[in-house]
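Form predicted on its own, single chain, as structure tokens, below.
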Amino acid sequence: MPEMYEIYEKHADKYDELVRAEDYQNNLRNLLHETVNWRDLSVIEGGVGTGRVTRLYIEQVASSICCDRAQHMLDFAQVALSEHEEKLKFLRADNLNIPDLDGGFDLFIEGWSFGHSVSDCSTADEIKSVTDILVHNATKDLKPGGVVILLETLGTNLDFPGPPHEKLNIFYSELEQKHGFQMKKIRTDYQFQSNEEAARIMGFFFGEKMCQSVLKRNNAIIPEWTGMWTKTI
């Protein structure tokens, strides 16, 4: 299994194979559109990856600036979302260093990327400091009444939701207790063609232990839990 950042730098196609299998029941799409009226919004998206989240809203919005630290991912997303190219701008920028975009945006969204910044931290104090930076970067270019939506994992191939490790537990607590975000939990299960395909694809991204765990389920549908944290500025 490649290292996580190696996947983002070199294996966008395999990553996209994974994320396109996620949320086969459209629970996330439905929740996003129940929460926000996306029509004609101007959006900033952090950690766009291959456009997994962008595809859920792009038809309704006026524009989106899509940021990612990996040019490889941005190049893939630009092709994958080419039918909406008139609405999109792609910007190479890490979540911790999103440049000032002159304000006036309606919404900031990120999916499964802030958690990576937190997971790189070594101590609880560092996690709290990084969380402050991430929240600042998510809010700094929004106009009054703007909305922040953060999507992060609550567990993969697990029967019950919860932070997968203590670093994310601290991060989620900071979002809710210090920064005033509200959280909802949903199922965003994966559906593959077969159990063997599920093990191959998920094993590439998550490792051999995940591969063997998926095989033991003997099922093409693999549980995934997602948290959605929202805040109005």
Ligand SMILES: C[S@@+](CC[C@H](N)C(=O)[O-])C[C@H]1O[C@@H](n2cnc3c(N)ncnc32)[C@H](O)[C@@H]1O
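A quick note: this is a predicted structure, and the numbers were derived from the prediction, not measured. Just count from 1 along the sequence shown to find any residue number.
Another form exists, predicted together with the named molecule; not displayed. Remarks below refer to it.
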Contact with the named molecule in the predicted complex for H116, defined as at least one heavy atom pair within 4.5 Å: yes or no?
yes
Could you confirm whether W112 comes within 4.5 Å of the named molecule in the predicted complex, counting heavy atoms only?
yes
Although the partner isn't part of this model, could you tell me whether V147 comes within 4.5 Å of the named molecule in the predicted complex, counting any heavy atom of the residue?
no
Partner contact for I186 in the predicted complex: the named molecule, 4.5 angstroms, heavy atom
no
From A93, A80, L101, L158: within 4.5 Å of the named molecule in the predicted complex by heavy atoms is A93
From I58, A70, I65, L32: within 4.5 Å of the named molecule in the predicted complex by heavy atoms is A70
Quick check: do Y8, G49 and V53 each get a heavy atom within 4.5 Å of the named molecule in the predicted complex?
yes
Among 159 to 167, 116 to 124, 138 to 146, 81 to 89, the region lying within 4.5 Å of the named molecule in the predicted complex by heavy atom distance:
116 to 124
Which residues within 10 to 31 place at least one heavy atom within 4.5 Å of the named molecule in the predicted complex?
Y15, V19
